[in-house]
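In structure tokens, the next block holds one chain alone, the form predicted on its own.
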């Protein structure tokens, strides 16, 4: 790398500006969905990973992502990379953090702008899966390429924190839902059982959800009431779900 030098008539010591090296910019996304393990158990929080097909970390699992083009917005790059690697179009997409430790990628300096996304089960079912794309339990991941385990841990912390005070659970559900379905989302994300009666009282007293006047059909017992999120209720944090 060339140095900028200055020498006076008195032959003072050379002064040089700090050297800089090229930094690659990439985007990655942590995608969460509630999915069954296929063995008769309930739905759990899972995310898709892609197997790397080149060095570094060839053959290891990593978050979906890729480079950002010179004329592309960050969110657009995240969406494009998600679609090309997993076939997913998220309901909820939010920028998480920028990860840029100098040693996070062997051979070159890479700064990753990381997004996190939420998809409904019906959307997750349309994901591309195969030898190089697979769903994993969010809390039981293998060792991932780069610092992607750390990134997932951070995304899980953000998701669980927001679950306590925002309407983010809506991104896992349809437009209408039962309180039991809403409670199951909270339980799966927070990894603890919630008392159904207390949860019902908390939801109804918060005015965050309102009954639609309809009931879920198809069951053998008395059909439960259907609810929707109350768009008029003041929310501490609504994120991108402003029109949901």
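Numbering follows the first chain given and starts at 1. Computed from a predicted structure; not experimentally measured.
This protein has a second form, the form predicted together with the DNA, left out of what is shown; the following refers to that one.
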The DNA contact at residue 175 in the predicted bound form, heavy atom, 4.5 Å: no
Residue 46, heavy atom within 4.5 angstroms of the DNA in the predicted bound form: no
Residue 202, heavy atom within 4.5 angstroms of the DNA in the predicted bound form: yes
The DNA contact at residue 35 in the predicted bound form, heavy atom, 4.5 Å: no
Non-hydrogen atom within 4.5 angstroms of the DNA in the predicted bound form for each of 52, 54 and 129: no
Residues in 174-201 close to the DNA in the predicted bound form, defined by a heavy atom within 4.5 Å, in order: 180, 183, 195, 197, 198, 200, 201
